[in-house]
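Quick setup: the structure tokens below cover two forms of a single protein chain, split into structure 1 and structure 2.
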Structure 1
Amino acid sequence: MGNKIVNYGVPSFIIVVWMGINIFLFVWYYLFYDRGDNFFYTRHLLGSALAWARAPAAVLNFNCMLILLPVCRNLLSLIRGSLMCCSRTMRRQMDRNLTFHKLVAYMIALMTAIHMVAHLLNVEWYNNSRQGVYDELSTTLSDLADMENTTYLNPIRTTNLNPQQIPLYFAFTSIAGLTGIIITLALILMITSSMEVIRRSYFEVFWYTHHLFVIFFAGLVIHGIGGIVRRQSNMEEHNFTLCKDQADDWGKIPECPNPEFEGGPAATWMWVLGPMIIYAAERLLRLIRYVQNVQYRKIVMRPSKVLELQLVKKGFKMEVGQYIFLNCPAISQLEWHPFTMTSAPEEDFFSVHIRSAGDWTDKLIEIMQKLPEGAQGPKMGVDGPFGTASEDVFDYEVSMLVGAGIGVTPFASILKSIWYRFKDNDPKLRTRKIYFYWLCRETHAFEWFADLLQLLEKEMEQRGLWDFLTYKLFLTGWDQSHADHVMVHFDEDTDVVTGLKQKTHYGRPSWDKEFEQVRRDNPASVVGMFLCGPAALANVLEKKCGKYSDVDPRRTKFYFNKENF
């Protein structure tokens, strides 16, 4: 139990608080509408479906207030920067922004489903009451606005259509009904296109459908204007406990004047206005950055169809492991794609390595391959940089870096920065040990990164710091001819694949063995585990961090960090 507190304590507490607020809002508003005296006549028409519709609406307001905040990247980077002097545990929560964004989205989907089903029942019961299907009181309440000097309770006022067509007519002609349909359709499209299989294979579909959030929020703000859920407004003049059984005498005796009703004011805008302004400021800042000039310093086509772009932008400053968003108008005016920077803060340019992984990247690589040598590439918009978990790598005494395939990019920045810091004898470097693991399916992927590792090998050797960096490269895919070639050159001093002194491993790491080794070599140390790789590997490593951590300050603790963007 104790080792889980190390990695899951704070995020679990945040989720418990969030869930507690959701439960409180649901219960509070359920009881408000289920017990409130001014909703007595409304409940008579709708029953418990009234409370079941309104309680989820309150939870929806709360979560719609939250949903935009985790994707306000500049806001998160600002908060992260302000926490640099504080606990790294709090900074790590900023790196779980997309996880929280998804949790909030799931809650919105669940509450929308409950809200929608309850209102479908409400419309049916409103219609039945209007047709006189139920008791005398329901009919009298539904007929109120047909008489002079009365206000309506039942929002269905149409009587000259086929009763079976009235609910559909009401849904498409009322503000609440029409906006409700639009909101629900937008939400369904956004959620379905966010599924992992679609997001990975058809990123453009995910990108464009996710921008339906503009329609979603516009409909959300308008949705409550119609005020179809109405309450009694003359409680003092019309006492329902006395008058509910005297519907025939309403307006005829002084004790029972006609009940008057009013719709509640639209409240959603008060919940979402602040986050909408913050997000609008985010987009404005992106536009400002987009128009700033970006120049190409170098364009290199690496093996395995990996494109390296070295860019220069006035006033651009970065930290290790940060990422940027790129936009190429020649491909699409609207699409922005995230890429981790592979350059170090000490360099006078910033670089990204882009792997062929979809329509946008394929088109960009195709454009760059057709350029004459030395020519500038197409206009490129750059938004960022934005903070990630890897920024904290030098805050740990010991760091474990794990990259899978192109996921090595944030660690290229880190290892380059280490090389510069050793070269400049930086006294602020507090990290005393780094373990680096890189998993690749094919040998060509190692080539563009081997040069950097060779530089580091040479630097460590000259300074007598062989123990500072331990790296292991794992080849997870090979054929028999490659295996035979390795066997022939096995006794050579350098690796046949990378040219490094450290030999390449074949297969996948035994993570239990690796964690045991790190814990044994670094007793009483705080170890930061940093991953840029697939979710399946993240699940494995996160569990290992929990398994091999101990709350005892005299023992080793592993903190899991994952790149999310």
Structure 2
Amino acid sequence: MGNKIVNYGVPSFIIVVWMGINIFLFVWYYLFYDRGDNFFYTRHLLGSALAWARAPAAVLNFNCMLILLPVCRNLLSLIRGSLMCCSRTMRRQMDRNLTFHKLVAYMIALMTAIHMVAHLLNVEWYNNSRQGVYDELSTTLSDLADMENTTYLNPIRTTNLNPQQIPLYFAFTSIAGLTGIIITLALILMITSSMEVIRRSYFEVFWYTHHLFVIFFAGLVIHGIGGIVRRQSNMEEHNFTLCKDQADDWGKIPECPNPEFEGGPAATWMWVLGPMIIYAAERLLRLIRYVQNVQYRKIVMRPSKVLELQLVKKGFKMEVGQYIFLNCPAISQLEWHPFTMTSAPEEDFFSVHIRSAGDWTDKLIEIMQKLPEGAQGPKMGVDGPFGTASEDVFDYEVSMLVGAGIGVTPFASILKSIWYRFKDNDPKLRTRKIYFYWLCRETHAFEWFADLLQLLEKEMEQRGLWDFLTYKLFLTGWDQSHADHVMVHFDEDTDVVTGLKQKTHYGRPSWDKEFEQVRRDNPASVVGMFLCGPAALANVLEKKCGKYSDVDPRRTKFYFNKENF
């Protein structure tokens, strides 16, 4: 239990608070519309469907306000920066922004469904009342129209169409109905194109369709301006308890004048205006970043179709393991793609290693290959840098870094930076020990990383710093020919695959053994585990961190941090 508190405490708390607010809003507004006296007559026509429509509307307002915030990456970076002084746990929550965005989206979808069903019932019952199907009170209430001395309650005013078509007619000719249908349609399209299958394989479809949120928010803001949810405004003059049974005499007797109704004002804009402005600022900032000049310092084609770009931009400051978004209008005007930086902050340029992984990257590599020697590359927009968990790697006394496949990239930046800081004897470096685990099926496409490790290995040897960095390489895609090759070269000093002094391990690591070793070597330490790799591995490691952590401060504690894009 203690382990769970250590690793899951803060995010669970945030979810609990969020759910609590949702439940509170739902119940509060449900009771407001279900018990409020000024809605007595409205309820007479609609029953509890009124409250069932208004309660989700309130929850929708709250969640539509929230949904834009987790995707304002510059804002999050700012918050992260200002929390540098504060707890590490709070900063880690910024990494889960996409998870939160999805959670809020699910809530919006659920509430939209409830809201829509309730309103379908409302429209049907309003229509029936207008047609005079129900009791006398309902008919009288529905007859009240917007004239000199009466105000309407029932928003459906037409009677001279085919009664079956009136709901459709009402939906498409009222502002609330029309905007409701349009924005629900936009929401459905956004959701179907955000399914994991589509997002992982056809990102462009997801990205472009998701821009329907502009229509969603525009429609959402004007959805309520018709004021068709009516409440009684003359409670003093017209007491409903007295007058509800005397519908015939309304307006004719002094104690029962006609009840007057007014619509509630549109309230959604008050909730969403702030976040909309923040998001607009975010997009504007991306535009400004895009316009800023970016120079190419070096363009290198690495083995296995990996492109290294070294770029220079005025005023660009980065931290270890951060990522940037690149936009190349020559390939696509609107697409921004994230890449982890592989350079250290101590260098006077920033670099990315781009691997062929789809349309955009393939085209970029193609363009670069056709460039003449020493020429500048195509215009590139750079947005960022954005923070990730790797920034925290120096705050932990002991760090376990796990890079799987392409996930090894942020660690290039970290290891380089470590090296620079060590050379400069940086006092801010709290790290005493780093364990680095590199897992990949084959070293194909990562020769550049092996080169980096070789360099570090040499320099550490020169300074006698064996203990600082322990790295283990795991080749998970070995076969018989590998094994044979290794057997023949068994006695050599350096590894056959990487040329490094550390021998390559074959197969997957036994995490239990690794955690045991780290725990043994570092009692009473706080160990940060950083992973950049697949979700399955993240689950395994997160569980192991929980299993081997101890709430007791005299024992080792493992904190799990995951990077994701």
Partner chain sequence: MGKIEWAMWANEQALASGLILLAGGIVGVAGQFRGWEFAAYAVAAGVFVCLLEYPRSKRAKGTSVERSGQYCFTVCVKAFGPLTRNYYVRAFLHAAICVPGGFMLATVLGCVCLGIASLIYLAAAIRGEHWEPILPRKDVRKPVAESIKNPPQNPPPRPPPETRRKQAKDLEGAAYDNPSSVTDD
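Here, rigid core means the biggest group of C-alpha atoms that superpose within 1.5 Å across both forms. Bear in mind that the values here come from a model prediction, so they are computed numbers and not experimental data. Here, residue number means position along structure 1's sequence, counting from 1.
Check: Between 1 and 2, where do we have the form predicted on its own?
Finding: Of the two, structure 1 is the form predicted on its own.
Check: Does the C-alpha of residue 357 move 2 Å or more between structures 1 and 2 once the rigid core is lined up?
Finding: Where the cores coincide, residue 357 still shows a C-alpha shift between structures 1 and 2 that is 2 Å or more.
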